[in-house]
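One chain follows as structure tokens, the form predicted on its own.
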């Protein structure tokens, strides 16, 4: 399907690998020009080269740095002639016991997983409305719908972002001007983050990563982990011209793991 977003400009955060890269790759395949961001320059440049080779004619600009830093944020947004599409994304804070978390840990989690996406949305939403087109997609977590006790920092920060989006996305000044804001909620995907989590659990439990991965897959009705490519495809659709009537929604992509109706 042609999504009618060729020659648009997208800013995609945490795009050097994993789900962020999957989203950037899917948008590039639709002819979208990209500004991609991640903390580490070398992996980011490698990702930019892959994207350029995979979608000839698409311009890809890479800006390395912590997107939570206001200066980096300005540099990322200034790298695009205009931002038609924004994909916010950041790694989740570490697991742990809520009794051990001090204000410093909460401040970091909120900055990374709530306040930074809010600032990015604030920076681009009104100019999108003026042009009559805008697509904002926030990559959050399935834990927004089914909180995980050990991920309280993530539950709290991402839950706050979800509530913020629910109100802002429905403002007539945006929704009536073809600006949509939605959240993508990933379950277990075959990414470096999942591998790192399995390896950490293996060290703590003494069990093999293969056994742990097999058990994790068995808990998913689809019987497998998701792929960044299929996640990116969902993101690209939400950014399409055809998705203009979808806003303020939380799309859960977890292979059926969440057992609820709503």
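Positions refer to the first chain, counted from 1. These figures come from a predicted structure and were not determined experimentally.
Just so it is clear, the following notes concern the form predicted together with a small molecule, a form of the same protein that is not shown.
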Is every one of 16, 19 and 92 in contact with the small molecule in the model of the complex, taking contact as a heavy atom within 4.5 Å? yes
Within 4.5 Å of the small molecule in the model of the complex, counting heavy atoms only, one of 97-105, 132-140, 117-125, 162-170 shows up; tell me which. 132-140
Just to confirm, residue 156 within 4.5 Å of the small molecule in the model of the complex by heavy atoms? no
Just checking whether residue 112 would be counted as a contact of the small molecule in the model of the complex - the rule being heavy atoms within 4.5 angstroms. yes
Residue 188: touches the small molecule in the model of the complex, heavy atom cutoff 4.5 angstroms: yes
Quick one: does residue 31 come within 4.5 Å of the small molecule in the model of the complex, counting heavy atoms only? no
Taking the small molecule in the model of the complex as the reference, which of 201, 229, 210, 66 has a non-hydrogen atom within 4.5 Å? 66
By the heavy atom within 4.5 Å rule, which residue out of 234, 48, 55, 194 makes contact with the small molecule in the model of the complex? 194
